[in-house]
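Here we start with a single chain on its own, the form predicted on its own, put down as structure tokens.
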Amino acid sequence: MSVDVIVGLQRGDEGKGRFVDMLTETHDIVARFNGGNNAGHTVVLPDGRDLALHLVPSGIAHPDIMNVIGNGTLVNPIKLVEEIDDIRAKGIEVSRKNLMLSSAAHLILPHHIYDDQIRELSKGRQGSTKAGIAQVASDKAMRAGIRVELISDDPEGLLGIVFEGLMAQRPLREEAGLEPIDEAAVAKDYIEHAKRVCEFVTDTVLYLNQQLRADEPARVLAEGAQAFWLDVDHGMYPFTTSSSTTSGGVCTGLGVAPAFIGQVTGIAKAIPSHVGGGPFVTEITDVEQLKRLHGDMTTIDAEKGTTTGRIRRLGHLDLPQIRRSQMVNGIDGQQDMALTKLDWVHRYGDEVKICVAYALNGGRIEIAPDAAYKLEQVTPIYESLPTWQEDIQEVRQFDDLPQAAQDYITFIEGITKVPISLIGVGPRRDQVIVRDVLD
């Protein structure tokens, strides 16, 4: 079992990138298995600079690590080239030696992005990032999608597809009031960027399986985008993304057999957040409390989207939702969990409320329901714990935490029945408490 998995247990933005970055040191390959550039991970480099990643896996900052963009990802070549240029500008190598792109990944075309913008201007808007994700996923499901392989196999044919898609869409853009574009110029620019990613394109499914079946098997770290409650099958539908964000998505998104899946680590953060529409059972709406929670919005760990820059909605920790996430992702007492932003908990005040169950129709449920309309019907049941005011950002041993912080961790473990082995106490790579909690 050589594929370890990192998944988000909440609604995204849990800090998965920093743990992938941390765990990369014990792996040979980091592989992205879902989503597109609509999501983002921020990695803090050793010198304190932040590296914003959207398609490139979070292992790119480490030498001698192969990074794979798997077939389950949705690729905008313009954004990928911009990201590669930004990474290189920070002095980090990006070449065929450390980055591969699946020839079977689907391409986000310009008209997909405009379609997304048009929808977000209508009554059917869903708070999308306007990256064209739903549109390319729809084409993929309709077997009308265009895959990365076409960039090198038939670039002129791809140019024609892009141009024709934009021309056919022109009346819709005009009706929506979007600015006119030069379709030929947009298509040409797209192809020029697409050709620049050709050097990375290969059969990543074959590569990964060869590495996993070698005499000395490679250790693969599978990195997901978004998180459980945005999963198209298991999340708070319809306020979801368009791909599988669970551990099960690793198999289809990378082309590896379930037998290879080993450790699954679920990431949650002590102050849950959400960007966009949809129900948020434990959401905080008090303006003054939100100001205290957000704090300095210029810091690396500020609660605003890596991709969109939008300010995130914040709430209280919701354990019923985490328990459903753990159930579907296969995270039990033999797996483990990571918790981020423990250093922010004191911002709640003297006490912190934790949702331990829901009230529904006069009854009590311990595991969250699986749809948006059902979440809108529940009421959170809270328990309160005392907080602490000590600065814990330099603490590296669990026993050195304030007793109230230790009690907070053990309370969560008691409800979820899953050990917390990694605790984030700050945004830097080294600001993590590592606990030996698994036999």
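Just count from 1 along the sequence shown to find any residue number. Just so you know, these numbers come straight off a predicted model, no measurement behind them.
Heads up, the form predicted in complex with a small molecule isn't pictured, but that's what we're talking about next.
Between the small molecule and the residues 139, 83, 336, 343, the one pair within 4.5 Å by heavy atoms in the predicted complex involves 343. Among residues of the shown chain, residue 380 is not one whose heavy atoms approach the small molecule to within 4.5 Å in the predicted complex. Proximity of residue 301 to the small molecule in the predicted complex: non-hydrogen atoms within 4.5 Å are present. In the predicted complex, the small molecule sits within 4.5 Å of a heavy atom belonging to residue 41. Contact check for residue 420: every heavy atom lies farther than 4.5 Å from the small molecule in the predicted complex.
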